[in-house]
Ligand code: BES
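Next up is one chain by itself, shown in structure tokens, the form predicted alone.
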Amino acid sequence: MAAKVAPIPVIPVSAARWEEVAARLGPTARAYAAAQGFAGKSGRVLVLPGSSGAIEAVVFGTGDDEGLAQSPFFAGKLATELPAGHYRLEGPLADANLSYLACLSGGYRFTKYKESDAPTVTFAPPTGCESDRIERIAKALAAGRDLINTPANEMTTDALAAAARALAARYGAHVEEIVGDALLRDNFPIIHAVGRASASPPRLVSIRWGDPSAPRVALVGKGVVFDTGGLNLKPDNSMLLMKKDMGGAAAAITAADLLMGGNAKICLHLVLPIVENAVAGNAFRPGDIYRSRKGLTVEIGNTDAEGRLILADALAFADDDEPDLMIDFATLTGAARVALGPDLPPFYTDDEMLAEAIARTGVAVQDPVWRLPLWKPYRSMFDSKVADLNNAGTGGFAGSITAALFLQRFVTKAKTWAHFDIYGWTPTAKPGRPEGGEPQAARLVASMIEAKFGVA
């Protein structure tokens, strides 16, 4: 058996500690660092040679961020800047778990269709790290990214459902899948209407896991595998990234993976309405009116506001169980991006304690979100003269808020509910977050639920 390769130490060093760290280096490494003018500047990565010419160590400048206390995910920068090799973060880290996760998640590559020419960089867990848990989180995060990054010609409605079924099989969960016209039989009329024009049939996947006597938690994820906008057709530049419109489902699947893998003390219900919003002779139309699963009638003001429609039926279904906590994830509105940009998803809830827990956990696990209000006076914006609701609303203002208010109408039995309007994509690579699909808020939600209900 080949001997294990000893990891090369990577030393995060602040400007204040550089002289102390430099004194402990070998003479060759110390002289090389001096020649390169290294002084602990934030973001500077310097590979140090030993007397033989091989890499002796790496120093990673953190500026005034001692131990990466302010930005533990900054360590993810190492995954893209180091030469090929096996490394380990050394020295005092404020949060060894998050720094290790940043390194692992920063090394993610989507290579299904094109091999990466990036050097192979691997990391050993730093001292004090819960390595098994962090590696499990990184694996679930990578799987969620893969789902979003896969193009719609392969990520069909059945393929997304198959990913959910595979997750259920891995954890021994019960799966129910309702496909095509069976949605009408089982009272999911709006999911059917939105997805019926596609050659890839609409469906609803329901997965149940855990002790039925435990607190009931429902996760609902918008699964639009591609969104043309329907008959209100999107312009070409708005359609380019619409493979990511199932990012809400990917986030819900990722959160469910983390909760089941961590053996959370909950009774979990994962609900995924899955459609393609396509254009054909039987596509749903502006002006159509449908009676939802909840019984509320909905006038179609715009076929490109389809995500809230499929979520309406799915939320009503999950709500029937009277869950202790219900959370939905959806790539729902461009208005959320205008307000907060791609990196900071808004969330909505009327529960002050839940809002505080979400905000606190988001900061703690480096999965940031920001609360926006469920401003009740805006409810009149989606009034209809001929139905209970209009899916598009009027006026063009407060688009993310009005979408959340629309969804709230379909949640009446859950003890508490929160909605996340995520982007599901990282447009510009950042430390620990490569460009591409991102199941935003999944880590936050899983961590918050584990903290609230415990793990076995």
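Keep in mind it's a predicted model, so treat the numbers as computed, not measured. The numbering used is simple: start at 1 and walk along the sequence shown.
Here the subject shifts to the form predicted in complex with the ligand, a form of this protein not shown in this document.
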query: Residue 302, heavy atom within 4.5 angstroms of the ligand in the predicted complex; finding: yes
query: Distance check, residue 244 to the ligand in the predicted complex, heavy atom within 4.5 Å; finding: yes
query: In the predicted complex, residue 313 touching the ligand (heavy atom, 4.5 Å); finding: no
query: In the predicted complex, residue 254 touching the ligand (heavy atom, 4.5 Å); finding: no
query: Contact assignment for the ligand in the predicted complex, among 332, 102, 327, 190, heavy atom within 4.5 Å; finding: 332
query: In the predicted complex, segment of 113 to 121, 193 to 201, 144 to 152, 302 to 310 with a heavy atom within 4.5 Å of the ligand; finding: 302 to 310
query: Heavy atom within 4.5 Å of the ligand in the predicted complex - qualifying residues of 207 to 229; finding: 222, 227
